[in-house]
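The data below hold one chain only, encoded as structure tokens and taken in the form predicted alone.
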Amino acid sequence: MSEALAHLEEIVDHEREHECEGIGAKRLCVRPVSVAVLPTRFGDFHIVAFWNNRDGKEHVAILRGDVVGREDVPIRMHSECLTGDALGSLRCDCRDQLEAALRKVGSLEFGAVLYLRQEGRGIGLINKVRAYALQDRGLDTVEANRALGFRDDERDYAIAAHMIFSMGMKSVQVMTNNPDKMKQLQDLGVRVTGRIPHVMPPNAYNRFYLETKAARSGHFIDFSGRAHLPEQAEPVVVEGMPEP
């Protein structure tokens, strides 16, 4: 058994009955329940399954190497996208982002991809299809969400923050173009030490979607084709994070 797997199994055994007051506005608590080896076309990983107390949805951490007790762990927080991840939809860049993240993390000594069950920016699969129908009539992604009574983005990264705490990561570098992901993690007590840009080339079907994310949601996406260099984030530590 590898040292990384041994550390993860110790955490699962220790945390199996974990309960806490939760974090974030919804007082969310998660616990790791199982770990296994996961060989993939992108590299060899370990997968840790998590239960949460809010809605029973199951989330997973896909880990490369030993992340326990590590500083500056490269992580990607990927929200579930059935149409993109599984069906290969060209309306978004989700599958490209997921595969690129797994390929990148798979090439590193250590890192993590957190796969979060937050379909359609947190509005769910049915409402996502409804939003698609509104976009077919000319609305952009922000307008479509608002027309359905939602905010631009309903995702909550308290799940990811607690997963990071549970696995004993001391600080992370976030693979993202979305500044809100970094801010939410920092507000929840995660020490964020940097950003790793994660821009995918647009196609004819998703270019307007990506342009909307950049123009209206503040995502760091440059359509000029220039290289994107990592940026450093000021570390922020918030008191009151749950004890593992």
Partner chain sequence: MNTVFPLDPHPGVLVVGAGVAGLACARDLAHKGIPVTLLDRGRGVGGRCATRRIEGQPVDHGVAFLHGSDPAFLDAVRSVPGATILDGWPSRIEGTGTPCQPDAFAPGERRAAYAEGVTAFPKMMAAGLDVRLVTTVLAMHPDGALWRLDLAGGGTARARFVVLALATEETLALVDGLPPGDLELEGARHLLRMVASSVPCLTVIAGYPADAPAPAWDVAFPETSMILKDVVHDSAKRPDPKWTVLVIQAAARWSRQHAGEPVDAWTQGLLAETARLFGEWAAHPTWTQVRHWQFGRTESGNELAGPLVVEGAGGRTLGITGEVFAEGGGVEAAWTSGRLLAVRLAERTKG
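Residue numbers count along the first chain shown, from 1. Remember, it's a predicted structure, so these values are computed and weren't measured experimentally.
A second form of this protein, the form predicted in complex with its partner chain, is not displayed here; the remarks below concern that form.
Visitor: Using a 4.5 Å cut on heavy atoms, which of 104, 78, 155, 95 is close to its partner chain in the model of the complex?
Guide: Contact with its partner chain in the model of the complex is made by 155 alone.
Visitor: Can you pick out, from 147, 90, 108, 82, the residue that has a heavy atom within 4.5 Å of its partner chain in the model of the complex?
Guide: Spelling it out, the residue with a heavy atom inside the cut-off is 147.
Visitor: Which is the contacting stretch out of 195-203, 62-70, 181-189, 24-32, given heavy atoms within 4.5 Å of its partner chain in the model of the complex?
Guide: Stretch with heavy atoms near the partner: 24-32.
Visitor: Quick one: does residue 40 come within 4.5 Å of its partner chain in the model of the complex, counting heavy atoms only?
Guide: Outside the cut-off, so no.
Visitor: Quick check on residue 207: any heavy atom within 4.5 Å of its partner chain in the model of the complex?
Guide: Residue 207 lies outside the contact set for its partner chain.
Visitor: Wondering, does residue 99 line up within 4.5 Å of its partner chain in the model of the complex on heavy atoms?
Guide: Looking in the model of the complex, residue contacts with its partner chain do not include residue 99, since no heavy atom lies within 4.5 Å.
Visitor: Taking heavy atoms only, is residue 116 within 4.5 angstroms of its partner chain in the model of the complex?
Guide: Residue 116: no, not in contact with its partner chain in the model of the complex.
Visitor: Who in 84-105 is close to its partner chain in the model of the complex, meaning a heavy atom within 4.5 Å?
Guide: Heavy-atom contacts to its partner chain in the model of the complex: nothing from 84-105.
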